[in-house]
Ligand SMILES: Nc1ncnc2c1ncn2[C@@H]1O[C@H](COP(=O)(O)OP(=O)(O)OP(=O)(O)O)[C@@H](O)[C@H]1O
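In the block that follows, a single chain appears as structure tokens, in the form predicted alone.
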Amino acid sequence: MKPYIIALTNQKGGVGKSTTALNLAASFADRGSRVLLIDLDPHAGLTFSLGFDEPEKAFKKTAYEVLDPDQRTPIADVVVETKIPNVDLVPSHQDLVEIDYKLVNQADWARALAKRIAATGQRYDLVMLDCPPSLGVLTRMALVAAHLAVVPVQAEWLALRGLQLLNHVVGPLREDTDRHDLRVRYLVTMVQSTKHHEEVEQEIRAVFGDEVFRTVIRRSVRFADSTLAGQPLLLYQHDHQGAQAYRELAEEIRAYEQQAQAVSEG
């Protein structure tokens, strides 16, 4: 069975993409899934969050070597184990900022990442792609590879307005690459008990309806604390409400995956 692929994406930074990738991976792994995290952000936020300092010095090979058309290094030669049982990582590197120029002149560049993931065979049940805060080449490759795009949305008005651009990209991408099975779901993050946040969440649900997860992620300093410790919150403080929220989100995604599979087979 091929791995189920989830892309964490939003062109706005600071909305919780890496936090979500990390804690979702831990949630799925806790339920027995074999998970591969691929850090596609040149800033390497996910790699840092897993306790790897100075990735430009720590790894001989990274996502850059995987995607570089001159090297095409197999993912199996790049993965590193993490402190989370059943979770591996393809680390990022700052050189990824240059990958656009090397890929855009390649035939069928949009499917490069999908092909590398397919070559891992049945080693993983789930692959999670942490995208950069842009809608450039790296994000487009991730969306072509993914079955599901999870879009963390900060409970702020400006964050909501920026989602229109993402929708303008996803529609043509489905047509150009024949990826009509790509689904997009929105995750409300960094919620506080304020009237403003309540109104924004209501508006997000009014606009996107069933495409918004029931689960919301509330703002907590514990997420920052766990990042400094190089751990997901689920390991750092297992009983915290934020850890429980990500466990609930994993269950939502699992149920959605099963439903989508039943529809495609029926």
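One-based numbering along the sequence shown. Just so you know, these numbers come straight off a predicted model, no measurement behind them.
Only in words, not in the display: the form predicted in complex with the ligand, which the text now covers.
Notebook entry, point to check: Of 28-36, 63-71, 224-232, 206-214, which is the one stretch near the ligand in the model of the complex, taking non-hydrogen atoms within 4.5 angstroms as near?
Noted result: Only one stretch passes the 4.5 Å heavy-atom test: 224-232.
Check: Only one of M190, I84, A159, L148 has a non-hydrogen atom within 4.5 angstroms of the ligand in the model of the complex; which is it?
Finding: Contact with the ligand in the model of the complex is made by M190 alone.
Checklist line | Contact of H238 with the ligand in the model of the complex (heavy atom, 4.5 Å) | finding: The answer is no: H238 has no heavy atom within 4.5 Å of the ligand.
Item checked: Exercise: K12 in contact with the ligand in the model of the complex, heavy atom 4.5 Å -> K12: yes, in contact with the ligand in the model of the complex.
Notebook entry, point to check: With the partner left out of view, is G136 within 4.5 angstroms of the ligand in the model of the complex by any non-hydrogen atom?
Noted result: The answer is no: G136 has no heavy atom within 4.5 Å of the ligand.
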